[in-house]
Structure formats: structure tokens, C-alpha cells
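Starting off, we have a lone chain in the form predicted on its own, written out as C-alpha cells.
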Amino acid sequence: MGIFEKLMKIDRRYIFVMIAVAIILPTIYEVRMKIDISEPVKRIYDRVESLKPGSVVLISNDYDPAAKAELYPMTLAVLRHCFRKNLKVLAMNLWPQGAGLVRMALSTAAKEYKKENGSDYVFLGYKPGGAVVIIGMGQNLLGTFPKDADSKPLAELPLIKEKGIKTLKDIPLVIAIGAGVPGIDAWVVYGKDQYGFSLVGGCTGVMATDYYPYLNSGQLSGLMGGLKGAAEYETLVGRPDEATRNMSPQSFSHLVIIAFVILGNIALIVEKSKKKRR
């Protein structure tokens, strides 16, 4: 039996073992890869940098724990950037399952930069309705969110009173980090196009190509795609963390998969040519 015939009949468990090795070894030895910065991610960083200290940024975290590996690092990196710039942050969810992750990210970043809940950031929490919530915020933010996630009256919080925030028109930048619907699409159609704020986004890797039309049309000013996008933003902020660490295991496992795909196709072609000669 030739090598290609053996390859066609290889036990799939060997493939699983090789992928496991490709993930485990870079993790144990902390192999770091060079992170090249793409233009869409750089645009987000530049847009945040362009804001004056004290400006308000709304971060909508529209994902659940299933997308944590890719999207939570984006949320944390963006919060660190905003707090470093002394920007005020409003955080919210259009997905109920992600509220705990947002609280965790806010707590981590706020502790690092000594920011206070109510005056430096406010967590609005989850509100059902998707697009209806966005439209409501565009017309009357305090009417849509009368209280924050801790049941404190929003109108009485120092951040809201100081900045006089009444609608989405009072917010210069919205960062939508999402894994589906409702998410970036809703913020484009019912938010950006209606109320004119700048909009940037972050999404899972498999969804990134869906949003490039918005990027090319200017409806999105920037985009982070998947774990690589998160790692790029961590690099720009100067705080390499979870996404940067996970880039090596992801890349090596992808290389193993690609190698088997190539070898499998070569083996198939060779076997077909042998059958024709027979």
C-alpha cells in the first residue's frame, strides 16, 4: 500500500491528536506571533484617539458566552483604551446572556484605571426589543433606560447629568460588538443612518465578511474581525492579553488543518489517476 493510499485511510483520531498538540504546545511555551495591524482595526483606534477627554462612548455588547473567546477580548481592549483616554463610557446589551461578561470587563478595566461607576462609566444593562431599543434611545435615552443595571435612576447619575445626555445624538461614537442579530446590522440601519453618530464594530471571524459592504460604504468607520481583530486592538492599545496569547494556538491548529486538506486532495487526485490507468 502506497503512502497516498495510507493517507486516504488514516484514522481520524491521529488528526485530532495532531491538532491537540498544535494547540497545547504553543500554549505551554507561550509562543508569541507578530501581530500585523489591518486598516479597519486601525480606523477604530484612530477614531477613539480623536475624541477629546470627557467625550461619551457607547459600547453595545451583543453576544453571549459562546462567542466569549473572540469578542470579550475586544470589549476589554476597547474599555482599556477609553479609560486610558479618560473617556466616559455607557455600556449595554441587546443580548441578555452577555450581561455578566460586560460587568466583568467593566470591573477589570475600571479597577486598572481607577474609574468609578456612575461618574466615569454606566452600565445600562439589557433591554429586550433589539431595533426598537435603538430607536427608543435615539428619541429618548432616559425614557428607554430610566434606570441602570443596578436599578439606580439614570437621570441622577453624575455622568448623565454632567454630559446632558438625552438621545443618541449626544453620543459621538458607538462601538457595536456583536455575534449576530440584533447587533451591528441593527445599529447601522436603526442607529447610524437615523441619528448620525460615528459607528465602529467588532464581530466573530466568520461574520467579518458580512460587514465589509458597510465598511466600504462608510456606514461603519472601522471593524474588528474575530480573534485576530481583538489581538490587533490589544497591540495598538499596548496591552497584549487573552487574544494575543491565543493567536499562536489558533494559527498552528489552522496550519495543521490546511496541511491535511492539501495532502488529502493530493491523495485523492493520485488515487483517481491510478484508477484511470487501470
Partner chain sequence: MAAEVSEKKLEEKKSRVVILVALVGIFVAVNIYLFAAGRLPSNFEGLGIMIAAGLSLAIYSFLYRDNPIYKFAEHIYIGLSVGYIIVYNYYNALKPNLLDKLFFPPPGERAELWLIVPLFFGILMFFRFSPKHAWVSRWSFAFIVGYGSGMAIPRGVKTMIFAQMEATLRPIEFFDMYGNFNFTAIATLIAIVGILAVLIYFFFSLEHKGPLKVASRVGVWFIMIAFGAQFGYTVMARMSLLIERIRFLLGDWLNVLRS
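Numbering follows the first chain given and starts at 1. Computed from a predicted model, the values in this text were never measured in an experiment.
Another form, the form predicted together with the partner chain, is not on view; read the next lines as being about it.
Partner contacts here mean any heavy atom within 4.5 Å of the partner chain in the predicted complex, and among 168-176, 110-118, 155-163, 190-198 they occur only in 190-198. Between the options S221, S55, T27, T235, the residue in contact with the partner chain in the predicted complex by a heavy atom within 4.5 angstroms is T27. At the 4.5 Å threshold, heavy atoms of V206 reach the partner chain in the predicted complex. Although the partner is absent here, D62 is not a contact residue: none of its heavy atoms lies within 4.5 angstroms of the partner chain in the predicted complex. Within this chain, P240 is remote from the site of the partner chain in the predicted complex, having no heavy atom within 4.5 Å. The partner chain in the predicted complex comes within 4.5 Å of a heavy atom belonging to S217.
Shown without its partner, the chain has Y126, K127, P128, A131, V132, I135 in segment 124-151 as residues with a non-hydrogen atom within 4.5 angstroms of the partner chain in the predicted complex.
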